[in-house]
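Consider the single chain below, provided in structure tokens and representing the form predicted alone.
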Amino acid sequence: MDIFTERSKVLEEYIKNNPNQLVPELKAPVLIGGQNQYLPVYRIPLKLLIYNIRNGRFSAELLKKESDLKRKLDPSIEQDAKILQEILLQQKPDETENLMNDLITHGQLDPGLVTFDGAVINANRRMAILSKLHSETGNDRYGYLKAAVLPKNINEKELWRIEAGLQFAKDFRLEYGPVNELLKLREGVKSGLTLTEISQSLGGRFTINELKSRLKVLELIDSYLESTNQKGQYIKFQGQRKVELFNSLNDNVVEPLLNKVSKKAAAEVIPIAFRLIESENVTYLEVRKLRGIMQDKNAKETMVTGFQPDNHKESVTSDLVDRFRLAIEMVDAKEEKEKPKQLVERAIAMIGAIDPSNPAHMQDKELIKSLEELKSKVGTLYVILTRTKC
């Protein structure tokens, strides 16, 4: 038996046989086929509904849980429904508590939206809270969700349009989070929508080029997770600052190198950037510096010397970060070549940071060799400049 078909029949029979559950004061506005429609709202028993695992607001959390369990979750199974409920309740606990208090005090004022077979499109978190309240209090008031039911003829493309239009709206809702937003956009493409259609569905929130850029950022995140044996662990990038690292990598490094330098340079920089991001010791502003480094022969050579893309040892990554920062200094120095006094002052400050009393420094042959080279270059520069003066 197809449980979804069976559930749709039960839901249809419930609405047909319970006209008293119509909520006449509420209508659910929905854009279907480019036309605004106002669907009737009913009080629907929670037992006739299931959580929508397509819901973009918790895609990363869902994928993480399924990865941990090593299986897909089925919202029609009670055990899995409980897991989905907990995921929804644990998202931003403070906001969840505020919404719970609002539902207790005022009841459900805004109607949800469900598919013809009872999958909740817009009100998953509200249903999770109502289910929790109903279980804890036994109060029948919390056993229903006020929702409108979509027509049966809604296809995958139209359903994405409706979901995205509602879930990206600026209302009293849980924010997507940067990764979930990217996943939702990609889901739109997979549903068969063009970028133009996605942009239009979201009221122009993203231009075509912005959509292309966001999807490329997600591709970089996918590649990074795979390179660190964390495939599908999008939950690690729910913070805006972490996603901003990949925004900078794509928008300020990879794309400019691809368009203005070469495909080779763009390909070469990605594994380097991944190891730098993995170190958790670089900022998104520093990541942007990779473009200049890759275009400077000496700076690039300094950074990539000894680089091993598949070596994730902390000592190797730490060395890469040090070389990266040195390469930044080299590029910055070239950009400031018309300011020799500032360059000398910076060099003095950097040299001053070395502790001459540290015994380890005295045994460091590479350090001694570098100091000899520095001494030679400073001596030569001094002779040239003073001789010119005379």
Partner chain sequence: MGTEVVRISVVNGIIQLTAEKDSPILGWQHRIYFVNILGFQRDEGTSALYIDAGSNVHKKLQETLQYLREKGISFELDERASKLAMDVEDEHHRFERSKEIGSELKKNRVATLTVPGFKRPLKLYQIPAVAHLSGLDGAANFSVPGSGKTSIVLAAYAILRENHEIDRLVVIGPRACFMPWEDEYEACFGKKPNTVRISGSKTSRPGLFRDAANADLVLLSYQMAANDQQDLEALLRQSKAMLVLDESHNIKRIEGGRWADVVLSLAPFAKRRVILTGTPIPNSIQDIWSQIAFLWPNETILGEREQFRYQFDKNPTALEEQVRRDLGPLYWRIHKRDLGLPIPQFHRISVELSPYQSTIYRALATKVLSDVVHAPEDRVKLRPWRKARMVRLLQAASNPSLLKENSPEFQIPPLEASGLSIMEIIDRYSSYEKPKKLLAVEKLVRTLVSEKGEKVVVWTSFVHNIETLRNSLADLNPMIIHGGIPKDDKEDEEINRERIIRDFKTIDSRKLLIVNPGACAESISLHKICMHAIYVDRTFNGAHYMQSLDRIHRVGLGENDHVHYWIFLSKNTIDEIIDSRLEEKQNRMLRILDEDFSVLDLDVDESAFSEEIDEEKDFAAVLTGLKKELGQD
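Keep in mind that this is a model prediction, so the values were computed, not measured. Numbering follows the first chain given and starts at 1.
One more form of this protein, predicted together with the partner chain, exists but is not displayed; see below.
J.: Even though the partner chain is not shown here, does residue 126 get within 4.5 Å of it in the model of the complex, heavy atoms only?
T.: Although the partner chain is absent here, residue 126 would stay clear of it in the model of the complex, with no heavy atoms inside 4.5 Å.
J.: Using 4.5 Å between non-hydrogen atoms, is residue 263 touching the partner chain in the model of the complex?
T.: Although the partner chain is absent here, residue 263 would touch it in the model of the complex, with heavy atoms inside 4.5 Å.
J.: Would residue 208 show up as a contact with the partner chain in the model of the complex if we use heavy atoms at 4.5 Å?
T.: Looking in the model of the complex, residue contacts with the partner chain do not include residue 208, since no heavy atom lies within 4.5 Å.
J.: Whether residue 156 contacts the partner chain in the model of the complex should be assessed with a 4.5 Å heavy atom distance threshold; does it?
T.: No, no contact at 4.5 Å.
J.: Work out which of 285, 316, 267, 109 lies within 4.5 Å of the partner chain in the model of the complex, going by heavy atoms.
T.: Exactly one residue meets the criterion: 267.
J.: Go through 226, 280, 95, 74 and name the one with a heavy atom inside 4.5 Å of the partner chain in the model of the complex.
T.: Of 226, 280, 95, 74, the residue with a heavy atom within 4.5 Å of the partner chain in the model of the complex is 226.
J.: Where, among 196-204, 112-120, 215-223, 132-140, do residues come within 4.5 Å of the partner chain in the model of the complex by heavy atom distance?
T.: Going by heavy atoms within 4.5 Å, the stretch is 215-223.
J.: Counting only non-hydrogen atoms and a 4.5 Å cut-off, give the residues of 267-299 close to the partner chain in the model of the complex.
T.: Heavy-atom contacts within 4.5 Å come from 267, 270, 271, 274, 275, 295.
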